[in-house]
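First comes one chain, alone, set out as structure tokens in the form predicted alone.
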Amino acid sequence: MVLAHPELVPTADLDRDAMNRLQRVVAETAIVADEGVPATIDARVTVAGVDQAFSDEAVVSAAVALRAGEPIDRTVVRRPIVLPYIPGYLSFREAPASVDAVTGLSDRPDLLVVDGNGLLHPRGAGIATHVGVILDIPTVGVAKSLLCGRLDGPEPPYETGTRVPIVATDDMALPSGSTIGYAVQTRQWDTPDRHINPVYVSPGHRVSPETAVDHVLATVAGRKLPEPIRLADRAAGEAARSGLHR
């Protein structure tokens, strides 16, 4: 799998200003519209997920590809940790390993779902956008917490299937009030005293915010997280614990 933009792969020698400049280029290159993304997730569509775990000063990244809900391919890589976690700069810590894991798959996926944000980012260039642009693959970000922006609707808890827009605020490098993602209730308990938090879905590259939500809901398989991310998370965790990665 050839990288569309190898020059945008993060490197360890960048200072904060250089990181910001690179993110601006990524945001300007990203396409926040449906372009080449499958209209629906059916039995012919390959959806891959990528996620990370950490072990012995290394990031272990796993990519798992599914078709018709069944795993068809998997790859796991290990790369040195070159940066601590810095909110808003996750891609500089994890994107190189994510890219390596995805490019290790036998076939190019039709859609990539990434554990992290896409457009829902202070500079519009979260890890899902960064990875999607580097690979030029339709990509969606799925985060477990709200990094930025404002809910344009009620606060959780929500019923299953609820989607509440998230809009940009004045302190972001995006048009204030524009929709940058959704809080999505993929699953909820039936009892009133227990609640599952929503996930925060945003387009990464070549996907609109609305289609991003549709495709996440089509891949959750009754769980909170999309199945490709859940399986990638499990594969990365198992590899980090066992040392079975290259």
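All values reported here derive from a predicted model rather than from experimental measurement. One-based numbering along the sequence shown.
This protein has a second form, the form predicted together with the DNA, left out of what is shown; the following refers to that one.
Using a 4.5 angstroms threshold between heavy atoms, G88 counts as touching the DNA in the predicted complex. The closest heavy atom approach of N117 to the DNA in the predicted complex falls within 4.5 Å. Among residues of the shown chain, V102 is not one whose heavy atoms approach the DNA to within 4.5 Å in the predicted complex. Interface residue remark: V164 is not counted as part of the site for the DNA in the predicted complex, having no heavy atom within 4.5 Å. Look at 172-180, 104-112, 146-154, 68-76: in the predicted complex, residues with non-hydrogen atoms within 4.5 angstroms of the DNA sit in 146-154. Of the candidates V45, V220, A53, V184, A53 is the one whose heavy atoms come within 4.5 Å of the DNA in the predicted complex; the others do not. Residues are counted as partner-facing when one of their heavy atoms sits within 4.5 Å of the DNA in the predicted complex; in 94-127 these are E94, D115, G116, N117, H121, G126, I127, in sequence order.
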